[in-house]
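Take a look at this one chain, the form predicted alone, written out in structure tokens.
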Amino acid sequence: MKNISVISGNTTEDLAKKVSRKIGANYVKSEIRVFPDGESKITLSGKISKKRSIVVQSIFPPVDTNLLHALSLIAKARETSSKVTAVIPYMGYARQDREFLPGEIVTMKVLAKLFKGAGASEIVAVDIHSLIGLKHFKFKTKNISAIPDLVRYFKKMRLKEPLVVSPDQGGKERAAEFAKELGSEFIALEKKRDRKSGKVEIKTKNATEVIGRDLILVDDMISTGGSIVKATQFLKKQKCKKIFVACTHALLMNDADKKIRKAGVSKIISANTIPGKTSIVDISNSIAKAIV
């Protein structure tokens, strides 16, 4: 497909290369130069297709910088291509999809206008935190699930009577989907989070289903790891065996991975939407299928 270009941002270069190879597209690399005042200068090397460009850029910390890079790449692609698909494997600001407290700005609504203004024809996200966020976009959107790819990894592991666990009720559907793909059961814990302080508390009293079983704690993203740590501490008291964490997006801020392992998690397994030590599950094939 030499009439398609895959333009890579600097956050997901490896993933973009894999997507490009899978669809046989022309790969365009971006070089980023950061000036002392924090401004970025982006230079593209490679030929941009007149027919269609696919921009691949995750928006993780520094979120605002990587967002501007994504918008700049889309705008540059639109100068040449008649259609620009923005593949945003990790969509920053997805948690700000509605007004939770009076006066809060719904940032996803702002992002929708920015992407459209930059020239995006469609948005493709991976396990976006809330589908409500995509409703703010007034053009074509698609959300890909990384669950099939994550489950394939876990099927290769020799787990003892695996049980899928969601750390909260909000992730119940995700846990159910994961368990169905894996061919196992699932449970969802009850969690309470203070909207102002962010403090997490597990409300579930007991979980006898976990006794003597290996557990897979499933979440869409891990930022500070507070929910996973609390869930792990609770589950360990219930006399389970090993605990593994499966997530799509591993932000792992402020040494979250160390805190999670210290709580008793054997291994964190995440997709390569965000590069890192835990990002061992490749989702380029799922992205390639969604964009061709």
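Owing to the predicted nature of the structure, the values given are computational and were not obtained by experimental measurement. Heads up: residue numbers just count along the shown sequence, starting at 1.
Beyond the structure shown, there is the form predicted in complex with a small molecule, which is absent from this document and is the topic of what follows.
Taken together, the three residues D168, I222 and S227 all come within 4.5 Å of the small molecule in the model of the complex, as judged by their closest heavy atom.
Heavy atoms within 4.5 Å of the small molecule in the model of the complex map, among the stretches 175 to 183, 157 to 165, 212 to 220, 139 to 147, onto 212 to 220 alone. Of the residues given (R95, K109, R78, K116), R95 alone sits with a heavy atom within 4.5 Å of the small molecule in the model of the complex.
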